[in-house]
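Laid out below as structure tokens are two forms of one and the same protein chain, each shown alone and named structure 1 and structure 2.
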Structure 1
Amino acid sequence: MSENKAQSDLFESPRSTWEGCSVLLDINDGDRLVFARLSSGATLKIGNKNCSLQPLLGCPFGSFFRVENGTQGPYLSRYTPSTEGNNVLEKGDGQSIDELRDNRALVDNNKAQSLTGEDINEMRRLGATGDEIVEALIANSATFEKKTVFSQEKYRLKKQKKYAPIVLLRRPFTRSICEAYLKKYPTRIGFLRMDTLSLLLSMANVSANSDVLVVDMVGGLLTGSVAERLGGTGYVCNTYIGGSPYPMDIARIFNFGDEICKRIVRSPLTDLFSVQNGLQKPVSQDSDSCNMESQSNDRISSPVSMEEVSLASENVISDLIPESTSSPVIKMSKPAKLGEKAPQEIISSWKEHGFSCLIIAAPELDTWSLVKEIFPLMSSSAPFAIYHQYLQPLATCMHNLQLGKMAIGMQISEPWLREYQVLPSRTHPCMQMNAFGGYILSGTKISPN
């Protein structure tokens, strides 16, 4: 029952965790992201230590935790960071401009630090906190004093990440799930960037009470993001071509309660057509799909495996990151069921009224032949948005829709997203950027007659 609390009253999404809830753990300011389902038995490996996630239960989202050394080993303890931005990197007090020190005297030779690994282990044994170890490292660094204020702070941050990691408790939303997957497993989501996904959702006018048809070959991210927007109203119908449904695992990372899960259904494309003209489905086809249904049901009700997404981008903290694949430790309690087969009466209602909109993210299918099939299922004036990593399939599709006078207001667009470092007198675009967000073909279906 516990997970029913998750947006069960969907309009009061809870601000604190509960047993069985899905959370996003942000370790060291985005260096590593872990999706987990909380239970008293769940643990998380941080560095080489296994920490129980029990202390996170009942805490407000947004809470910070750090690893403390207790008599029974390390444990996560909640703490409140100071209100003042406490480091120069963030505060940027303008010193960099009038800074007198520079790096000319620094020599990179690994001899600057006089504390050894053994010394640090010894400190740990004696119960030193992470912060104390960081202070000791600074005190024993021969070069620290010579560094600029900016690089001193960088040094401190680097050591803090390694010896006093911070865990931040977050609610998993489309944005964070998409961002985490893009960094760690981009192929599983077809390289779909969060800004591109956000465009798909608005271009298709996904809104409460809509019946949204999706072809989701991006692991369930699209289906989940649509369901999030529907908030337990309308339906998202995840349709598939051929015998087996496309995986929808990512949709289970969201904290969906029963109400939202019930609104996520799936159906083979053929079923959406079969009684189009009042014709009953041939029996053979029926039993056929039954078979495949039971088969895939297994897959769907199997407990979610925990997703570990490490974002260690730089050298900085690599030793903190455990072998990400071997550390998925969190025991999942069963999430609510989602992605049931669409009931016959709902399929009939779609046939009568048509879908309110269509979103396709199917990098492996030929866009035009798919669209040609699917188009009659949408009601007239329904908007659509189609994602692809390549331009040509969309261009061909657009051209054919134009020739067939099937849609208007069509546009192929490509989002460009750039993040900035903002600091007084040191503002500039981030040095690294994702240079490609894919293409979107959007438009509105027009009445065929």
Structure 2
Amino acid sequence: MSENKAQSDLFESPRSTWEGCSVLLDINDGDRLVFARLSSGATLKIGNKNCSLQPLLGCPFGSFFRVENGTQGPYLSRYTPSTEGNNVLEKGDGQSIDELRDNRALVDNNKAQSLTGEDINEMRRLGATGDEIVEALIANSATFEKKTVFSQEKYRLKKQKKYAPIVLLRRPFTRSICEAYLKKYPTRIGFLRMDTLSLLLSMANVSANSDVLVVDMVGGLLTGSVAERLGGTGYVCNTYIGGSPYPMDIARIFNFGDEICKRIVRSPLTDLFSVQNGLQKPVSQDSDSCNMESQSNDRISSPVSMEEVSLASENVISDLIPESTSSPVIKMSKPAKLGEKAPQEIISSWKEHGFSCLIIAAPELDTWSLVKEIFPLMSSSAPFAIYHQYLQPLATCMHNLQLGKMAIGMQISEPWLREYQVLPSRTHPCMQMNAFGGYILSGTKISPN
């Protein structure tokens, strides 16, 4: 079976992993997030152990794995998690006993545990599993039975993360990718939160067979999200100013098939404006482009690769770059190409009919200068949505659009999100939340008189 045929067959049923696909590995319930490309020779370091990722091939997304000790070394074993810990208080006996306990008399002097490090290493040499080590630690703890039920579960979870780490195999799509980058490296995606990204797509009315013009300076997250929503219909045109396109590394993590990749194209803004309706590009294009290029010269002239980012901030993003194999001899299957240059016949169609909608996420550019140049490319009554981390650039752009009578129905929205922890007898807002989601300017373009 050829590689292209295998990818096309598996793309029709993407619920399981395959050779060369990208996955998001969630280790210990969000403690560590790793994007990896699966292959028979790929490895991942969990704690101080190198584990092969081969057991993950062919498994459904959403599967759980646990690090086990075998005769050939540590390996990932698939298992089904238990829900007993979350339902502890549903038992009447446990709740009545827990009311008589408290932690006031407990003293943390490192003397409650009688099991030493040498004993644990000996258990490992004898082939003990992580669960057996955790149970041994609980049995040899002098204070475990005196703790409340919540404290016991907290203690068990802490030991489980250390001696029996759990790996959740997640599918990389818009939500999981956005949440992972926002948690580990938010500056890479311009602090774009998931609810804000969803609102961007909705306000721009991204739907099937749409031709979407995108200015994506958030690593390719916006381009990938639009392409995922289109589902292989219409086109996503990623435009840019200057001679170098903006990075699209994140869009390559989505596991898009060939049909969707063909619908993701690139084109510089000058090509979209050239000979439009028999006219050259607007006169103001040169001066404003120079202004915008000067504001983002570093980002445009030298796009930052994933390797450069990891070197610049190794401690922050090391878990977000795609994991490579342990041996350079192993060949990884190449991902499908996306972001090719837009064909001339497609550009001609856009010049004649205009784009269906516009989405901008370019925090490093002047919003009004960019919108003023791009607006002639849009069709009449085309919706647009612009994201920015700060309010003032959007307020200035909205004011100028109103003065020029270029758009109607404009509004600036501030997304708001509150996460809740929902567990038996302990439902409350999460203690640590992202309170700021940026701003979105939306509206509808109108034809000039």
Partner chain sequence: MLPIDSTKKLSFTRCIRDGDLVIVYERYDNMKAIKVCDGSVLENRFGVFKHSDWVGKQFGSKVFSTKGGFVYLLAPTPELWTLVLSHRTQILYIADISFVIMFLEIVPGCLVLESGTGSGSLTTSLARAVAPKGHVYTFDFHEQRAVSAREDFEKTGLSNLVTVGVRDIQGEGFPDELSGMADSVFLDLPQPWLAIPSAGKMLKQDGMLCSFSPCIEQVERASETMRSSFTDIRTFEILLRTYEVREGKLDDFQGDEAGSLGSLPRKRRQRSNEGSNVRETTGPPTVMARPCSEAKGHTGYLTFARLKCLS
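Residue indices: 1-based, along structure 1. Worth saying up front: this structure is predicted, and the values here are computed from it rather than measured. Take the two forms, superpose them, and find the largest set of C-alpha atoms that agree within 1.5 Å; that set is the rigid core.
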*Between the first and the second structure, which is the form predicted alone?*
2
_Quick check: Met406 between structure 1 and structure 2 - does its CA shift reach 2 Å or more after fitting the rigid core?_
no
*Large Cα shift (2 Å or above) at Pro424 between structure 1 and structure 2, core-fitted*: yes
